[in-house]
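Shown below, as structure tokens, is a lone chain in the form predicted alone; questions about how it binds or moves come after it.
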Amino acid sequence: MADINFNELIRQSGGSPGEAAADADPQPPRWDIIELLFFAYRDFVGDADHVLEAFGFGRAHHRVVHFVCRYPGLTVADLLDVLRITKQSLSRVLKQLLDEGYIVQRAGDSDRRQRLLFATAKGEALVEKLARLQTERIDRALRDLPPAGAEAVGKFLRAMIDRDDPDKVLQTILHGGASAKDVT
């Protein structure tokens, strides 16, 4: 990993170290929230990691099977948008999930070139198991909050999401819509 030489960057920009500090926002970084988010995420996904490990899967597998299960008929292109990863990154994970029977792929009705993804019963069972683990953690965290606490947490998390280029799934979530799985 390359080290960043801030003095060199400041010199190249024509400024001095003192000027950079003076131009900086007076608000210090929110170390408390930043670190809490790191640890909360670590433990939130860690619950699922232990289960996934037994299957030879990792976090990428979890994300793929989760969104395919929650949004049946999601295209490979849409999944790439949701996960913001390359085709190459998705290819290995998707192949393993297809080969092991967690996901099936079908051609689109109107465009046969389109690849639509669906979770199998095996995939749905895995997603359900992982979601229950994560729901238990969420419920424990919300237990001591006032009734409006869950709403405040949801509002905070929505505010943390970049909305400049939402994919189809994010648009559904942000507009309060249910996944296709919730209405079927």
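Note that residue numbering follows the sequence shown and begins at 1. Quick caveat, the model's predicted, so the values are computed rather than measured.
The form predicted together with the DNA is left out here; the points below concern that form.
Would you mind picking out the stretch of 121-129, 136-144, 54-62, 149-157 that comes within 4.5 angstroms of the DNA in the predicted complex, counting non-hydrogen atoms? Result for this chain: 54-62.
Report yes if any heavy atom of R115 sits within 4.5 Å of a heavy atom of the DNA in the predicted complex; otherwise report no. Yes, R115 is a contact residue.
Going by a heavy atom distance of 4.5 Å, is L97 a contact of the DNA in the predicted complex? No, L97 stays farther than 4.5 Å from the DNA in the predicted complex.
Using a 4.5 Å heavy atom cut-off, state whether V82 contacts the DNA in the predicted complex. No, V82 sits far enough from the DNA in the predicted complex that none of its heavy atoms falls within 4.5 Å.
Please run the contact check for V93 against the DNA in the predicted complex: heavy atoms, 4.5 angstroms, yes or no? Contact check for V93: yes, within 4.5 Å of the DNA in the predicted complex.
Hey, which residues along 72-95 are within 4.5 angstroms of the DNA in the predicted complex, non-hydrogen atoms only? Contacts from 72-95: T75, V76, A77, R84, I85, T86, K87, Q88, S89, S91, R92, V93, K95.
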